[in-house]
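Only one chain is shown below, in structure tokens, and it's the form predicted alone.
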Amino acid sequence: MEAQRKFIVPIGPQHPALKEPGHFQFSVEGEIVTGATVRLGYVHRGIEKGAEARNWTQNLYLFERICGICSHVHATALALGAERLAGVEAPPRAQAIRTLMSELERIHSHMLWLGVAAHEGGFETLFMYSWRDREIVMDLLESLSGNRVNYSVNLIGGVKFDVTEKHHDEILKGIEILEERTKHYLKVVTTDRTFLARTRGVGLMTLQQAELFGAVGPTARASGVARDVRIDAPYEAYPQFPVRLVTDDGGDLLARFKVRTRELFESYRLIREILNHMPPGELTTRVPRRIPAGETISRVEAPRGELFYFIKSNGSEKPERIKVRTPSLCNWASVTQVAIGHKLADMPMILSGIDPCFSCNDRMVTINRGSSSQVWTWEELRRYGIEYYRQR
């Protein structure tokens, strides 16, 4: 009889609660989750392999497509690594513009997440309000770059466009409106009784657990982890415009809401600082078409946390290898662990609490063949797929 009371509830890979395909299995006893697993890999697009057949400039556009919400930071990470291998540095004004775009993108990402997370908790009003206000920053990004999602700002050695006086005034006006709206959102997520009932004490992750699971970004900072790449290893214009760390010791969903919302205020402050102290000068510097042979790493702080690039050049016009580790991949372990002991109804909000991006995760699959595992060639993988479906 005991065994009959235990069930496995599958969610995904195609499910109304998921905006992207992922497969979750929750073991439950009644309404309480006793175990959780996640399977990714449903949106693998072969971007890393595709990079080997494209030159460095083409790859800037390709790697922006890893994630539409944080496309600029991916291109920035690649550009920084290529510039380091080439022994050049973007001009100070270009670095300031890259940093300005990064913070506008962070606002876009956090506002989008706030709406999605509220929607998963059934708070439709907050979802509609935050997405309405998100249009303000998307209009600003479009005004600067011509695009609302994949901005294509970066060049290896600089940026494509300048920030004019008109842009300056538009951005300041936009963030003034957003700042007032964000004050309202912070009040809602910290005082609304219904919202607090869905977030306070839910998905609790201690500082020690966050370190053990390898959590990064706002997810880790909401558990008291004092870590931000913009502070620990400042890049671009962050040494000239220092970031103030935002953390919370709560470790629950409420803390994750508070950290991301307070980070919006820090982005507003940084944007004002950059606009009011924009360095003069050129937007680009000369970079050789053939990046010198070598290896390097590039670390930047994406809206979801540390984004890590390994870049290898063989001295040609095309990279030999680019490996990407995205922040969502680091935070998945925390979801499967903190879910245990909570009600099944809490799972959508716990999942959305890390601001997951499924397409960011999918890079490579290692298949076990007996006691050993190895990376398969494309032809081996193709034959495996044919044989697998013949047996079904």
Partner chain sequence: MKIRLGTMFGDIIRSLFRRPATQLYPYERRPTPERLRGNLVWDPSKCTGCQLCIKDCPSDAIELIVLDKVAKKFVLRYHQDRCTYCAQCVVNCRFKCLNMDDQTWELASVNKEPFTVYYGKDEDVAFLLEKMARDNAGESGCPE
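Please read these numbers as outputs of a predicted model, since none were measured by experiment. Numbering follows the first chain given and starts at 1.
Form predicted in complex with the partner chain: not shown, discussed below.
Participant: Please determine, with the chain shown alone, which of 241-249, 267-275, 188-196, 88-96 has non-hydrogen atoms within 4.5 Å of the partner chain in the predicted complex.
Facilitator: Selected stretch: 188-196.
Participant: Quick one: does Thr164 come within 4.5 Å of the partner chain in the predicted complex, counting heavy atoms only?
Facilitator: Contact check for Thr164: yes, within 4.5 Å of the partner chain in the predicted complex.
Participant: Flag Lys183 as yes or no: does it have a non-hydrogen atom within 4.5 angstroms of any non-hydrogen atom of the partner chain in the predicted complex?
Facilitator: Heavy-atom contact with the partner chain at 4.5 Å: absent for Lys183.
Participant: In the predicted complex, does Thr285 come within 4.5 Å of the partner chain, counting heavy atoms only?
Facilitator: Thr285 lies outside the contact set for the partner chain.
Participant: So in the predicted complex, is the partner chain close enough to Glu179 to count as touching (4.5 Å, heavy atoms)?
Facilitator: No, no contact at 4.5 Å.
Participant: Going by the partner chain in the predicted complex, which residues of 48-77 come within 4.5 Å of it through any heavy atom?
Facilitator: Those in contact are Arg54, Asn55, Thr57, Gln58, Tyr61, Arg65.
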